[in-house]
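Read the single chain below, which is given as structure tokens and is the form predicted alone.
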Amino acid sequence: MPSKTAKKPAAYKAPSFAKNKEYFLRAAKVIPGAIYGHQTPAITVPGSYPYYATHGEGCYYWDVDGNRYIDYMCAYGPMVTGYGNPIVEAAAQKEFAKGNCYNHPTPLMVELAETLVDQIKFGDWAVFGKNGGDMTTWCTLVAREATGRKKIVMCKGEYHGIGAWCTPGHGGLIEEDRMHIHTFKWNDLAGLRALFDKYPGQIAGVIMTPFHHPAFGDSEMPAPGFWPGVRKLCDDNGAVLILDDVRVGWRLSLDGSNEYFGFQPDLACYCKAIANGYPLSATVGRDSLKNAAANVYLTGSYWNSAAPMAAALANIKLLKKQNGPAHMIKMGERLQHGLVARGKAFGFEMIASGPGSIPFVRFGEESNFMRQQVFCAEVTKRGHFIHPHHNWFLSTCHTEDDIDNTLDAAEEAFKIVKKQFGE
């Protein structure tokens, strides 16, 4: 039965995606796959989701057909203090007006590096790029340079970018791309220990995310003692511990997600939420790796441009002022708990995983995602963008009213799922 406290929803009118489809057909003629990578419609529900955006404000954005969405993907993470945030935008636009990209970095690069070193307790230095994959790949090279070893260990199912060593794709790869990459299961300390035993003195580094957040699966938090165990195994075997904090950073703790989970890596990679949508990534590292870092070539014509760094400085300051992680966790937990409760009212077991600021909710006892796809599509068509297969994101702009409106839309979606599939 539906919630007795639910407000009567406004009359539903199916959205039009005519312009979205028109642009997609045009794109298919001139772009391989039309829309490629993680933004492809193929991994949502084609025909029920928008394909192209036009503008955003706060936690809302609009597609080319004029449909508005409360965004629970936050541009897959980068939007953290709101689309068009006036404070962040003013900082970036000030630099754009002066030039942005030069033969040299601006003083903002120094200021941002100092800010990150002051903020991240284990960090002694910082470098910058544009994408998370720039940083994760570079960190594996730093680990190899520092240790003189070849092998890198990662968890099965974790995404670290599109480099040949880690891409989840298959095209264009050769055996040599992965011959020194080895995997173990999340939370399996024995599995990691077995790799160190199998390859003594050969493992340069271990790269992991703060918690396990695979696509097409539940998020898994670290088991008690897992992170201290990983840290000890790396120390005992002389390997570099690399934290891929690209997706999670700034949504659990402004001191780095490692502080949230109580451990210290040797290198940590950041991107996504660091500059509220402006292209910027960073690595922070220990002084013991500074010489190795200096020896590994790192550059890009646009990597030290001023506007994204100004945006990052403003964004970090604003997140501190707002206590952003706490707000996002609170709003996300409201969403998780609400979906579980309303699903239960219709006879569905809903599984919520991940912290509130980076949540995921799915139907229990379902391996084919059929109910999940119908549910998420119906919620999204009602103006609340949630993904059926990828973890969601919260921002500091999401309010209790936004969450409650989404829960009302979810109630209508639960009705449709129950009618189509039963309990």
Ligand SMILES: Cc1ncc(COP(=O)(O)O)c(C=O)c1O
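Quantities reported herein were computed from a predicted structural model and do not represent experimental measurements. Numbers for residues come from their place in the sequence shown, where the first is 1.
There is another form of the same protein, the form predicted together with the ligand; it is not shown, and what comes next is about it.
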**Prompt:** With the partner left out here, if you bring back the ligand in the model of the complex, are K330, S357 and D402 all within 4.5 Å of it by some heavy atom?
**Reply:** no
**Message:** Using a 4.5 Å heavy atom cut-off, which residue among P325, G82, G205, G132 comes into contact with the ligand in the model of the complex?
**Reply:** G132
**Request:** With the ligand left out of view, choose which of V240, C271, A312, C74 has a non-hydrogen atom within 4.5 angstroms of it in the model of the complex.
**Result:** C271
**Prompt:** Do A92 and the ligand come within 4.5 Å of each other in the model of the complex, heavy atoms counted?
**Reply:** no
**Message:** I'd like to know whether G161 contacts the ligand in the model of the complex, with contact meaning heavy atoms within 4.5 angstroms.
**Reply:** yes
**Message:** I'd like to know if H212 sits close to the ligand in the model of the complex, meaning any non-hydrogen atom pair within 4.5 angstroms.
**Reply:** no
**Request:** Using a 4.5 Å heavy atom cut-off, state whether T283 contacts the ligand in the model of the complex.
**Result:** no
**Message:** Heavy atoms within 4.5 Å of the ligand in the model of the complex: which stretch in 153-161, 222-230, 284-292, 344-352 meets that?
**Reply:** 153-161
**Fill in**
Restricting to 221-257, the residues within 4.5 Å of the ligand in the model of the complex through any heavy atom are D244, V246, R247
